[in-house]
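Presented below, as C-alpha cells, is a lone chain in the form predicted alone.
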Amino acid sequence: MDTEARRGLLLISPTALYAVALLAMPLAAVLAISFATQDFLTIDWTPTLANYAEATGEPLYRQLLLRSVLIAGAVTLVTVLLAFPVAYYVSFYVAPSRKSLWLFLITIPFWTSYLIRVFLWKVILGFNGVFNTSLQGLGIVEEPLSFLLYNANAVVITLAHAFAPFAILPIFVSLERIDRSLLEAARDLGETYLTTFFRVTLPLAMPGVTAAVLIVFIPTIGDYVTPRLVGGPDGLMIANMIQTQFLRLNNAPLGATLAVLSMLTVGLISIAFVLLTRRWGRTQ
C-alpha cells in the first residue's frame, strides 16, 4: 500500500477495533451461546440445534415474533407518516434563519429520560388519565375508555412518539438536498403540486425516508421496556421473552436463540425493504 492508503488505514483502525470489540464480539458470543444448553447455572457448550427446534416449533415464540414485527411495522408507518409533514414544513416553509430553532425544538424530547416519557404516556392513557378525563369533561364519553392502555395500541402510540425525532431528521436532510429548480421545472411543464410531490419530491426524498424507516423499525422490534410498562399481556413482544429467558428462567441459550432469530428476521425485512425502495426509485 502507498503512504496515503496506510495513513487512511491508520485513521480508521481505532474505530474498526472499537466496533469489533463492542459489536461483533458480543454478537458472536450470542450466536455461540445459541448452540449451547444450560442446566440452571451450568452451560454445556456441546453444539446442538435443540434450541432452534424449540424456538421455531413453539407457537408462543412464533406468535411473539409475529406480534413484534406487526407492532414495529405499525410504529414505523405511523412515525414516518407523521414525521414527513413536519420535515417537509421545516424544509420548504420555514425561513432558513429559523430552521435551526425548529430542529432544536424537535430534539427537546431527548432532554428527558426515555423511562419518564413512557411513564408520562401511562398517565395520559390511563383509565383515569389525562385523555379519559378530558373526554369525560367535554361530554364525549360517559365512562373512561379501557382500550387505550395495556395493549398493542398503547405500545404503538408510545414508541411512535419516542422515535419521531429519529424519523424527522433524516427526512429533513433529504428534503434539504433537493434542488428547488427541479420543482419549478416540473411546475413549468404542467405538473400540479400533487403530481410534483409524487413524481419529483418524494422520489428524491426516498433516501431519507428509507433511513427513517430503518432507524425506527430496527430498534422498536427489540424494545422491551415500553411493552412491559404500557403493553400488558396483549402488548408483550419478543424482547420481553428474551429477557425472561435470560434473567428469570436461567435459559441463556434459548434466549440467545430467540435473539438470533429476531436479528435474522429484522435483517431480511430490512434488506427486502431497501431492495423494493431502490427498485421503485429506478422506475420513477
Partner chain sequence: MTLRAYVIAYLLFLYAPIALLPLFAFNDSTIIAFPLDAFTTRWFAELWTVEALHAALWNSLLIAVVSTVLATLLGLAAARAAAKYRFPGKRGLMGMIMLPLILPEIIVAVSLLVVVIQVLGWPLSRWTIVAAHTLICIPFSIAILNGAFQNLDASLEEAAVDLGENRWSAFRLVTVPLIAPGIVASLLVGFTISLDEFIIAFFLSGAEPTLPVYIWGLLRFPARLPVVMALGTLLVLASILLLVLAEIMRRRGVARAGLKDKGGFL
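Positions refer to the first chain, counted from 1. This one's a predicted model, so the numbers in the text were calculated from it and none came from an experiment. Between two forms, the rigid core is the largest collection of C-alphas that superpose within 1.5 Å.
We do not show the form predicted in complex with its partner chain, though everything after this point is about it.
- With the partner removed from view, the residue among L249, I43, A50, L66 that has a non-hydrogen atom within 4.5 Å of its partner chain in the model of the complex turns out to be I43.
- Stretch-level contact analysis of 69-77, 145-153, 197-205, 125-133 against its partner chain in the model of the complex, using heavy atoms and a 4.5 Å limit, identifies 125-133.
- Among residues of the shown chain, I116 is one whose heavy atoms approach its partner chain to within 4.5 Å in the model of the complex.
- Contact check for L103: a heavy atom falls within 4.5 Å of its partner chain in the model of the complex.
- Its partner chain is not drawn, but in the model of the complex it has a heavy atom within 4.5 Å of L23.
- When its partner chain is considered in the model of the complex, I140 lies well away from it, no heavy atom lying within 4.5 Å.
- If you check its partner chain in the model of the complex, you find no heavy atom from any of A185, I269 and L276 within 4.5 Å.
- Residues of 200-214 placing a heavy atom within 4.5 Å of its partner chain in the model of the complex: L214 alone.
- A movement of the C-alpha atom of I12 reaching 2 angstroms or beyond is seen between the shown form and the other one when the two forms are aligned on their rigid core.
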